[in-house]
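Here we start with a single chain on its own, the form predicted alone, put down as structure tokens.
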């Protein structure tokens, strides 16, 4: 006889995990916006130990043509992608538009202010570091096992229709691998590369930029880690919505999570 699967509620996340989760989420939001403000001061990345202004690997810029028409673009190597009114040319934070890598509505502060952007960035960077150190204590369980890798193909197939995935007490292999990569690889990289970009840190640890290939390479690593975190954030939010928004949000606010179990 087939067992009937009943729904019951468990405590999935400890209070400290829930608190650090939301503080980290806020920190990443502010860090992204203030980081874009800082990037606006020199919107180009170089694959060298020095700023090779003639050949950046990535740049975001804009200008007006002879007729006064604005043009914004993202250039990757020699490929230029038009992004007018989105990136390169857009909201300047002062009620009009101009040449600017990231628009004013996406940065903190909205107007071009490098010094203020750095203050916001450094303050929330240390909050992120402290919370990440606390969260890492609970993230040991994220280390994937052989069984997780073995079950990964089946889990990937299930995620083709995520709204049909039943809620379970344990994290599935795909979740564990994604969280493991973010907690143990991407986050340390964004922290280390960020420290390498700090002149005060460089003064007592000049070897830090060196191990990353130099200051300009540290900027590349920092930017790449931010893109990875942004990609994770988008995917994470999508899965939260598609696999049961109310249940997932409740588990991260109150800790209570409804799962299916056999009676």
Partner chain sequence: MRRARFLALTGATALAGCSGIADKLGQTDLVRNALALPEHLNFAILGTGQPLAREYRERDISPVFRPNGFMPPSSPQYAQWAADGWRGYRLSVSGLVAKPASYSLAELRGRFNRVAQITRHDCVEGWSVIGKWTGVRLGDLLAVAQPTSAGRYVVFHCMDDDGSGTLYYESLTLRQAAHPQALLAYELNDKPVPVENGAPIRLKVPTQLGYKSAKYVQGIEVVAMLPGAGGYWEDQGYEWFAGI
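Fair warning: this is a prediction, and the values are worked out from it, not measured in the lab. Positions refer to the first chain, counted from 1.
The form predicted in complex with the partner chain exists for this protein as well; it is not shown, and the discussion that follows is about that form.
Select, from the options 72-80, 111-119, 175-183, 133-141, the stretch whose residues sit within 4.5 angstroms of the partner chain in the predicted complex by heavy atom distance.
-> This holds for exactly one stretch, 111-119.
Taking heavy atoms only, is residue 123 within 4.5 angstroms of the partner chain in the predicted complex?
-> Yes, contact at 4.5 Å.
Any chance residue 68 has a heavy atom within 4.5 Å of the partner chain in the predicted complex?
-> Residue 68 lies outside the contact set for the partner chain.
Indicate whether the partner chain has at least one heavy atom within 4.5 Å of a heavy atom of residue 236 in the predicted complex.
-> No - in the predicted complex, heavy atoms of residue 236 and the partner chain never come within 4.5 Å of each other.
Contact label in the predicted complex: residue 223 to the partner chain, heavy atom within 4.5 Å = Flag for residue 223 set to no.
Triplet 22, 97 and 241 all within 4.5 Å of the partner chain in the predicted complex via a heavy atom | Negative, none of the three is within 4.5 Å.
Relative to the partner chain in the predicted complex, which residues of 213-238 have a heavy atom no more than 4.5 Å away?
-> Heavy-atom contacts within 4.5 Å come from 215, 216, 219.
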